[in-house]
Ligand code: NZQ
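So this first bit is one chain, no partners, the form predicted on its own, shown in structure tokens.
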Amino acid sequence: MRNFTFHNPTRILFGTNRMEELASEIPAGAHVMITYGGGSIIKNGTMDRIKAALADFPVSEFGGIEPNPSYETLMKCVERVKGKGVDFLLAAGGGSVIDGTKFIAAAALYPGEPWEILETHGAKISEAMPFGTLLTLPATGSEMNSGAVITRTEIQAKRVFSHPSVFPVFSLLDPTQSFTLPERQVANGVVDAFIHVMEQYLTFPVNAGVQDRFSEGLLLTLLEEGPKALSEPDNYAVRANIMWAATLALNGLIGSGVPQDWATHMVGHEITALHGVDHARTLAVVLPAMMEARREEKREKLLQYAARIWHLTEGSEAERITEAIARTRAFFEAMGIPTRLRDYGIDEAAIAKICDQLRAHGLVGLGEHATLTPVEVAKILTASL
């Protein structure tokens, strides 16, 4: 295991009936702007509960942040934040709203052109506005990390950025907030979290027994609870386990001191940018083919994954790996997520453009060894058709 420092300053408020604690988490007298997405928090009464909890604060709102938050929309919010003298942001939604709010928090105080934040992956950030989150869709772990993914629609580009200043000050995680989510979003969240773990776990051994076992616990929890979340939408215990697993999947802990991959994510981002496919669904398409194509370089961890997650201990190594990959794909399909490009209307002609975008964005050496080229990605995507 490599040397590492783990730093995560986000305060977690987990459980039911925590809304009244919002006021004590925000500086007295702060002008709060609530950021949100399509308006479900208005329809289900969450917005009213937030405003009641913040009755002693001046409050503004900004809605309409997209599932893939767009730079164009977020810049409108930045201007509003500046114009209204907002002091504190409260992101009420899932990972996209939280990601967007991270950008708003940094861009509102950035002295130059805010696009530079994304072009430099956050390297030029020196400060950001404080913000908290009220999570409604467990998936991305954005509520307890310092990273975000933003889309610039006009050039069909997705950019990842991170900086310590965009950790949320606090995050309120109430599993009941996820009870009314559509099945599609529940499934996406479970699969997104599962693949977040896989990107940090399925690399090569470095004697990190704690991180391995922690990752395996998260994977097993998602495998067990994911289908139940679809069949038992009001089961609090199920939703609580999924919400906490999704948070822990990407708060930095299981990836500390171990190699990480993220090739599946980088390819998935380009598919979303070009074709508008849900982020989690692009990952479900790419990962099984990625595992198959890289089965030799990932052999040791694939065998560990096969044994510890799927209890595959008999047969040849090749047979166990093949079966583990097949079961992974079957899990995604069982969650209602198709795993082939053709399922989303994407054919072989689209593959060259996806790989061109990787080159344009400098993503020419992906994976834990930084050796996966766009040429090899093209082969993987062809196998994903």
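Residue indices: 1-based, along the sequence shown. Computed from a prediction, not measured in an experiment: that's the story for all the values here.
What follows is about the form predicted together with this ligand, which we do not show.
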property	result
Residue contact check: P233 to this ligand in the predicted complex, 4.5 Å heavy atom	no
Contact label in the predicted complex: S40 to this ligand, heavy atom within 4.5 Å	yes
In the predicted complex, H265 touching this ligand (heavy atom, 4.5 Å)	yes
Partner proximity in the predicted complex: G94 to this ligand, non-hydrogen atom cutoff 4.5 Å	yes
Every residue of S256, K298 and L303 near this ligand in the predicted complex, heavy atom within 4.5 Å	no
One stretch from 204-212, 303-311, 94-102, 220-228 that, in the predicted complex, holds residues within 4.5 Å of this ligand by heavy atom	94-102
Partner-contacting position among Q200, N145, S171, N241 - heavy atom within 4.5 Å of this ligand in the predicted complex	N145
Selected contact from M290, V166, A139, A284, since only one has a non-hydrogen atom within 4.5 angstroms of this ligand in the predicted complex	A139
Within 4.5 Å of this ligand in the predicted complex: residues from 54-82 (heavy atom criterion)	I65, P67, N68, P69
